[in-house]
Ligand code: DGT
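Presented below, as structure tokens, is a lone chain in the form predicted alone.
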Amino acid sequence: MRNHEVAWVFQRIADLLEIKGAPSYKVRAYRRAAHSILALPRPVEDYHAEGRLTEIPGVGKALAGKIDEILASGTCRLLKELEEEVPPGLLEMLEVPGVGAKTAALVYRQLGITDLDGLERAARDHRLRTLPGMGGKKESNILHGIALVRRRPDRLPLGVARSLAESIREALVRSGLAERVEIAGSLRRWRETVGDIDLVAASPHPEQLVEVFTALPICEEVIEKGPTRARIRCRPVGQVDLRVVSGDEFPCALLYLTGSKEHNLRLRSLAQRKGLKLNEYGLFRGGERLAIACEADVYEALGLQWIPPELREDAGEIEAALRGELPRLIELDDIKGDLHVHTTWTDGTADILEMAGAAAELGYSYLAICDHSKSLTVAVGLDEKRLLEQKAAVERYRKRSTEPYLLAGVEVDILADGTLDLEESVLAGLDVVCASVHRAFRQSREDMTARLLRALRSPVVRVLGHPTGRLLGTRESCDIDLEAVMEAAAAEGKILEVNASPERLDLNDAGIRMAKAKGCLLAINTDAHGPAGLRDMRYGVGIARRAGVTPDMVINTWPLDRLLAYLRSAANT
């Protein structure tokens, strides 16, 4: 349960250190430790009790001492000192796209700006452009970013909400007071953002379980509390609701609390037509509650196939279930490899062997190394010479290990005019070329569409990476004629990426449905920059399931021989 709390403190320390201009290695150390703690398979308290904190990647003796402080008090002395030294409004500025810690520190020191309102006034008064390294374009981009932040709905991104919900669920299970605890609501339906987090538990001790829930260390405020339900606000963000029911009530309570509201209304209507009554307490005929062991029993009683939670939006799923025509949706176990990961050759945190080892732990048959290309200087992108050196390193690994099979690839930048960042003669020798946009996001619709179409016409490009360029909640999708891009991808035999990074989820479920309609093939990739990132695959699979994707539509569900044959044939067309 404390993993989120410790990681949040470390992330906040990193932000504050960066604003203060601390050495970059110190900032990176706290960020890396926070990332490692969030990715732990067990509670951080276990590592602490066993004296094994320094075995966590990125955690040395000094950081282990700070974890000890946080577990004892919920904070640490360094965080308190930094919060006293840095105005809190500067952290809010970091949410604005284009405003990093250096920019926040600059406007604070030079202009005395301490909050978002002050930053907006300075930009509108054209005072930002007077600062070193700033100009009219940067000023305009900051105003655009502030507007985006102000329009942002008060909702949690899927990645944040899911991780938090799973931590709380685990804490409730570990209490020993619950027979079952499940995530419900829009989070169970894998919506890309959620308004709050819903949990439902079956327990013979509801009041005791509610006490455990409201006493969680991450609880900042108890909003509501009763004998069978409670609502809390968590630190750093998020409202969480718990509903406790009996074991007999659990299946229908889970169904009801999962939603959507529209889906539930349709189910209740079907039940009424069959002389039944369906609500959160059970399925009834007259005054008798029918024996229901699981959600599937409810759907069967209503003459329906079981409908996966991701499809429960009253978007045609009930009609399909009545006809028995719901497809077998893709599952995480169908994924046989990841076709877009990064290493320390550019901006990754692990080398090729470490990434391969992490992929092997997941049971993957293959892994494509796709580091950045040279124009992305902030990531120390590969030029042609270094790319060939990396390819040779990948081929040496193949001779030493059979699984996962490493594919030599690159994430090549699509430049503003649609040309590629590296020579096609070099790219042609790779197994996978993933082409992506990383700059000039605000081109006109006509220019951005032409840019992507030109890249798709290149014979060496196999995959279009994160096609719309969005960052969830911080950068809007590029203005693109997505339909035209998808038609070209289908015609050229190119693959569209579903980027599973919870910061992107690009394509989203609406985009995936359009891609399906156009006959496009997909690749669900994590864009992982370290071993923990490989586990983000579940987010991409969840979003794909919402769009009704089946395994055959996704090339990284294919066995290695079929995948290689397709990539090689595509390269020769």
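Bear in mind the structure is a predicted one, so any value in this text is a computation, not a measurement. Numbering starts at 1 and follows the sequence shown.
Not pictured, yet referred to below: the form predicted in complex with this ligand.
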query: Options 477 to 485, 180 to 188, 397 to 405, 214 to 222; stretch whose heavy atom lies within 4.5 Å of this ligand in the predicted bound form; finding: 180 to 188
query: This ligand contact at D198 in the predicted bound form, heavy atom, 4.5 Å; finding: yes
query: Contact test in the predicted bound form: L329 vs this ligand, heavy atoms, 4.5 Å; finding: no
query: This ligand contact in the predicted bound form: T468, any heavy atom under 4.5 Å; finding: no
query: This ligand contact in the predicted bound form: G259, any heavy atom under 4.5 Å; finding: yes
query: Candidate from S458, T349, N264, S167 lying within 4.5 Å of this ligand in the predicted bound form - any heavy atom; finding: N264
query: Candidate from H144, K102, R155, R121 lying within 4.5 Å of this ligand in the predicted bound form - any heavy atom; finding: R155
